[in-house]
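We begin with a single chain expressed as structure tokens, specifically the form predicted on its own.
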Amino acid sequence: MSLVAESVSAGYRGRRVLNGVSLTVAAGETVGLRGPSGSGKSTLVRVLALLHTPDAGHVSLDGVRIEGVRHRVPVSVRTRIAVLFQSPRAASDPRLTLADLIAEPLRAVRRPREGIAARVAELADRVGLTADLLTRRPHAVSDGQLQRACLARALAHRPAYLLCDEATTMLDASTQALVASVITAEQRETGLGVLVVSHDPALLSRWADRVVTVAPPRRSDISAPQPT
């Protein structure tokens, strides 16, 4: 069981940022991903999360090659992969309370209201969000509190794989430790496969089972045609 990027090349508007990159995250494994700025780490996360179409190569989930991205992929597949982004404010709808933020993916697939409320309460307790915080909107909480809500949202569907794209960069040491401990506990309980993108070698050495380095494409590879 694994999430695999196979010989992935990808870019934006003809500018290539990944060239032939392969990566595997096995069930229950924590893989660290490092590389200089501009090496395409976030783009690889978006490809693995089925949010960005590669120019070449493909993504496989538990041995099945995935065709398409976003809503072209069945819900049963999309919900097996979750992402925790670097900036919780950029990833959150400012109109929603933290409770609604956590519930958002569950409502999107029309889960029963009672089941949603119970799951939100369970997740909030797991990430250390009190009832009063759940009634607040993003502008009324700290970055750390909001990122904990985003982590709860990412775990709402009990995904098989979690992609953390610099997810602890903006957090203080205590919140970093809490986020890591929640993810590790989920991993032990469910066999969650985790990809951790970070510039922090100390964090990767503590958290990851192994670390993969991605390099920027060579100059000759930077310009690439758009996929047809």
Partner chain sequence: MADLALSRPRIRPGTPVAALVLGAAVGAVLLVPLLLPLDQSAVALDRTTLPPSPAHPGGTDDLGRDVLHRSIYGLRVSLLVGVVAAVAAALVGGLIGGLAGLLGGWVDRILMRVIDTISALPHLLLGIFIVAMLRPGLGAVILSIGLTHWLSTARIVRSELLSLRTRPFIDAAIAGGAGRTRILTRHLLPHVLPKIALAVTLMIPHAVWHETSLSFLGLGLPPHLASLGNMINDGQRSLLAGAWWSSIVPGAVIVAVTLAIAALAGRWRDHLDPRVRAELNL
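Residue numbers count along the first chain shown, from 1. These numbers come from a predicted model, not from an experiment.
FYI, the form predicted together with the partner chain isn't displayed, but the following is about it.
Between 186-194, 43-51, 24-32, 56-64, the stretch whose residues reach within 4.5 angstroms of the partner chain in the predicted complex through a non-hydrogen atom is 43-51.
Residue contact check for T97: none of its heavy atoms lie within 4.5 Å of the partner chain in the predicted complex. Heavy atoms of H157 reach within 4.5 Å of the partner chain in the predicted complex, making it an interface residue. At the 4.5 Å threshold, heavy atoms of E122 stay clear of the partner chain in the predicted complex, well away from it. Remark: L134 does not count among the residues lining the partner chain in the predicted complex, judged by a heavy atom distance of 4.5 Å or less. Contact residues in stretch 94-108 (any heavy atom within 4.5 Å of the partner chain, taken in the predicted complex) are P94, R95, L96, E104, P105, R107, A108.
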